[in-house]
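Two forms of a single protein chain come next, each set out by itself as C-alpha cells; they are called structure 1 and structure 2.
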Structure 1
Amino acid sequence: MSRTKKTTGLYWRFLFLLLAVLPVAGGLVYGLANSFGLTGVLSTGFTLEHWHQVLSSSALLDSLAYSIYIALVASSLATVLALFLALYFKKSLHRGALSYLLFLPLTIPAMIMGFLIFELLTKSGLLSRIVYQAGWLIDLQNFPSLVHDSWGFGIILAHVCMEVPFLTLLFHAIYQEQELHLLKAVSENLGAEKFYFLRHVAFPILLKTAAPNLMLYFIFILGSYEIPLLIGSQQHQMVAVLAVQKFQRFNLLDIPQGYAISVAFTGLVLLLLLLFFKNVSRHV
C-alpha cells in the first residue's frame, strides 16, 4: 500500500472518530458523571443514591423486558414477511406496483408512521369506522384496543411496516449478489425439492449475510422513542420513553435517574454489539 493511501486512510479514521465516536463517548461520560452526582444543578458530590433508586425500582427492568419483547416480535415478523416477499416476488421487485409500494414506507418518518397507525387503529379510527359501516359492530366502543394496549400491537405493527420494505430490498440484493438462482438451478437438477432449497440453502445464506443489519435494526427498535410515545401503553413503557419522562419531570432530582437509565441502556446495547460481532468474527 502506498504512503498516500495510508495517509488517506488515517484521515478517514480520524474523521470517523471525530464525528461518530467522540460525541457518543462525550455524552456517555457526561451522563455517567450526572448519574453519580458529579455534575448537574443539584449536584452535591459523588453519590450512588441515583443508581440505587433506579436499580431498586422495578421500572427499569420492566421497561427493558417490554422493549426486548417489542423488538423481538417486530423484528421476527418483519424478517419472515420480508423473506416471503423477497423469495416469491423476485420479478415484481424490479418494476410494477409492488416496487413502488415497497419504497413508499421508506420515506415515512417514525413519528408520521405512529400518527398513521393511530388514525387507523383507534376506536374512532378508519378501520373501526369501516367495520361499523359494514354492520359488524353495534358500537364503535366495541372495537378492540389496538393502540395504547398492553401487548404493544400498534407499536409492533408500526415497526413492521417500516422494517419490511428495507429488509425485503436487502434480502433481494443479497439473493442477486450471491447468485442464489444458480444454486437453485443446481439443486433442482440434483432432484432437490423447492422447500429443501429454501431451508438448506436460501434461508441460511440470506439470514447469515443480513445478520449485522438485522441486529442493528433490532437495536433501533429497542431504543425507539417516537412510536411508543404516541401509541404505546401507559402501563408498560419502553426504555427511551421512561428515560425521557425522568428528564421532563418538574422534580430536578429525577434527572440524574434519567441519566442512570440512559447509561445502563447504552451499556446493554454496547454489550449486545460486542457479543454479536465477537460471535460473527469467530465464524468468518
Structure 2
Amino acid sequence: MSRTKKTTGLYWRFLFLLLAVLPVAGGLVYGLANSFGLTGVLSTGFTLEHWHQVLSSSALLDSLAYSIYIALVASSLATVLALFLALYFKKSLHRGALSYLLFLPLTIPAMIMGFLIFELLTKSGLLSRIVYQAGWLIDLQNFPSLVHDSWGFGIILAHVCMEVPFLTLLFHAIYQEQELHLLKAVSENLGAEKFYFLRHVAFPILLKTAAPNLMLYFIFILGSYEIPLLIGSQQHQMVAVLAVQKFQRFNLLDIPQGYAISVAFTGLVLLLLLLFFKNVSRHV
C-alpha cells in the first residue's frame, strides 16, 4: 500500500471518529462530569449530591419502571399481532394490495403517530364523535380517557401501530427466507397438526431470527420522546421526557440531574444490550 493511500485512509478514519464517535463519547463524558459537579455553571467540585437527589427522589426509578412497562407491553402486543398477521396473510403479503399498503405506515414518524392517536382518541376526538353520533354517548365527559392516562394506553397504542407493520413485514421476510412452507409440508406429512407446527417450528424460528430487531425496537420504545410528550400522562413520565424536563426548568441545579438521568439511561441500555448479546452468542 502506498504511503499516500495509507494517509488518506487515516484521514477517512479520523473523519469517522470526529463525526460519529467523538460527539457521543464526548457528550457522555461531559454529562458524567456535569452530574458529578465537575463542570457546569454552578459546579463546586466533585459531589455525589446530584446522583443522590436523582436516586432518592424516586423520580428516575419510577420513570424507568414506567418506561419498561410501556416498552414491554407495546413490544409484546405488537409481536403477537404481527405474528398473527404474518402467518394469517401469508399470500396477501406476498402479492396483492397488502404487500404494498403495509409499507405505508413506515412513512409515519413518531411525532405524527402521537398527533394522530391524540386526534382519534381524545375526549373530543374522532372516535368520541362517532360514538356520540351513534347515540352510545350522552355526554362528552363520559368518554373514557384514552390519552394522557396513567396506564399509558395512548402511548402503547401509538407504538403498537408503528411497530406492527414493520414486524409483520419482518416476520413475513423471515418466513420466506427460512422456507418455512417446506418445513410445514414436512411436519404435515409426518402427521403434525397445524398448531403443533406453529408452536414448535414457526414461532421459535421467527422469534429467534427476529430477536435482535425485537430487542432494538424495545430499546427504541424505552427511549421514546415525541409520543409520550404529546399523549403521555402528567403523573407518570417516560425517561426521555423526565430528562428533558430537567433541562428545561429555570432552576440551574436541575441540569446536573438531567445529565445524571441521561447517563443512567444510557448505562441501562448498554447493560440490556450486553446481557442480550451475551445470551444470544451463548445460544448460537
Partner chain sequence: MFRKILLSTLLSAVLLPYVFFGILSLGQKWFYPDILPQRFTLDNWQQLLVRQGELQVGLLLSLVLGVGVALLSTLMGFVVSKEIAWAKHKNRWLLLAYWPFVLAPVVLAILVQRFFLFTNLSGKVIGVLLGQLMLAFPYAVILFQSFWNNQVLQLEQQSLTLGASAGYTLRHILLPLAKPLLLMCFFQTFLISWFEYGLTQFIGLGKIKTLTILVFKYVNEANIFYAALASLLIMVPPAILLWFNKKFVFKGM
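This is a predicted model, so every value here is computed, not measured. Along the sequence of structure 1, residues get numbers from 1 upward. For the two forms, the rigid core is made up of the largest set of C-alpha atoms that agree within 1.5 Å on superposition.
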>> Quick check on the two chains I just loaded: which one is the form predicted alone, 1 or 2?
In response: 1
>> So that I can tell if residue 274 moves, could you say whether its C-alpha shifts by at least 2 Å between the two structures after the core superposition?
In response: no
> So if we fit the rigid core, how much does the CA of residue 19 shift between the two structures, in Å?
Replying inline: 4.7
